[in-house]
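In structure tokens, the next block holds one chain alone, the form predicted alone.
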């Protein structure tokens, strides 16, 4: 039998795949990293066009202090290739019940001051005792306490407190709706509380000059600097399996052999398309089909002749914006809400080289159905509402727009995971945030097929977006390295 060409093949150079591949190459394995796109980064890839540099959509990473993105950069010895930044000027905006938009005040150094927060949200004196109880107990929860919350939603946990509506909206709309893109009554409380703690105690808003995708590119560069190989623009068409074990992959640029394949393409596309249902037990196939991904994300990129804010990022929310399953189902069916939460990011406010001199970028993002097949009319309805809200906060913005580009779930799916099930494929995050699917219930990174693993936000990690993917990359790299060493010891 011919010796395999590689020890490990990693399918997909998103943050999970690129970090995992880099770590395994650093530890001496012969790795092949493949991706269908021209640059590493997956959904968070850096885009460059006409002098503008930005991500495809609003991407804000957290936490800042102790970020795993930086941990992996240092372990791979490529931290000098990346300049991580953490702007101290977010401008989250709360629409008061009277209709006034009020910007979040600057928090004092060292964390979030509850009194300043409560003043901003307009909490009455009689509301503050219960608000402070919620705030302090959330921050003080131990890992053991959090482990008791796997089986309830964040909404159920918050209902234990008589939380004032503005504070409820702050936790749900400003934090969780953007971090998980899962309705509050489906989001697992354990996942939410742990991540909110990180945001409050270790801050949020980590960016990278040149786009956050530069981090994944540095991870991929470490693959090659450690003697392994990266092939971009190489779509994987098939993961080959013989007698219950992986043997390699078939790509547009040829076939490659390895006894271990790690897929960053998503658990559902991997099982149902790249490998094929016939190689799995029907019970496992049914389990994979029933996994529920996050909702979709869409918005617009505005190219401006003049700056409309000094903030690097922000959130526009009100007492009415928290998403619930019922509210989202109604919106999806055409019963559209009067308002919803809108996130925005201004790359030119944290990266002076993100645009030609004197030009600026502002990108918006908001929830939508995850279906990449949304019609033009459906997309326009969501885009128009998002634009209506952002223009209320920045009324002078329309006259500075030189160009704009809408993005939708079609672009999400094209950059990341293929659609294999109806209504899915354009999900913002992936799988693993809802009750019954996260923490101890999260899909295992190890598949039932020998040598096949998953990496990314579908399995093996926790946290916000790219942080969750990198956490998975670290965990799966450790798992695969042990697997490789144990099987090597038997030969």
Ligand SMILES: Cc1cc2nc3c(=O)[nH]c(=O)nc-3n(C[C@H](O)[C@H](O)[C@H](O)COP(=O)(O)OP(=O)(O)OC[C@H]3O[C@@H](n4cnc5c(N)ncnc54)[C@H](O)[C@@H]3O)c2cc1C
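Numbering follows the first chain given and starts at 1. Just so you know, these numbers come straight off a predicted model, no measurement behind them.
What comes next is about the form predicted in complex with the named molecule, which does not appear here.
Contact check for residue 469: a non-hydrogen atom falls within 4.5 Å of the named molecule in the predicted bound form. Interface membership of residue 367, defined by any non-hydrogen atom within 4.5 Å of the named molecule in the predicted bound form, is ruled out. In the predicted bound form, residue 297 approaches the named molecule with a heavy atom inside 4.5 Å.
Using a 4.5 Å cutoff between non-hydrogen atoms, residue 41 counts as a contact of the named molecule in the predicted bound form. Residues of just one listed stretch (46-54, 449-457, 434-442, 22-30) have heavy atoms within 4.5 Å of the named molecule in the predicted bound form: 449-457. 407 is the sole member of 171, 340, 94, 407 with a non-hydrogen atom within 4.5 Å of the named molecule in the predicted bound form. Residue 234 is the only one of 318, 419, 234, 226 with a heavy atom lying within 4.5 Å of the named molecule in the predicted bound form.
Annotated contacts: 271, 289 and 374 are all free of the named molecule in the predicted bound form [non-hydrogen atom within 4.5 angstroms]. Within 4.5 angstroms of the named molecule in the predicted bound form, the stretch 30-67 places a non-hydrogen atom from each of 34, 35, 36, 37, 41, 42, 43, 44, 57, 58, 59, 60, 61, taken in sequence order.
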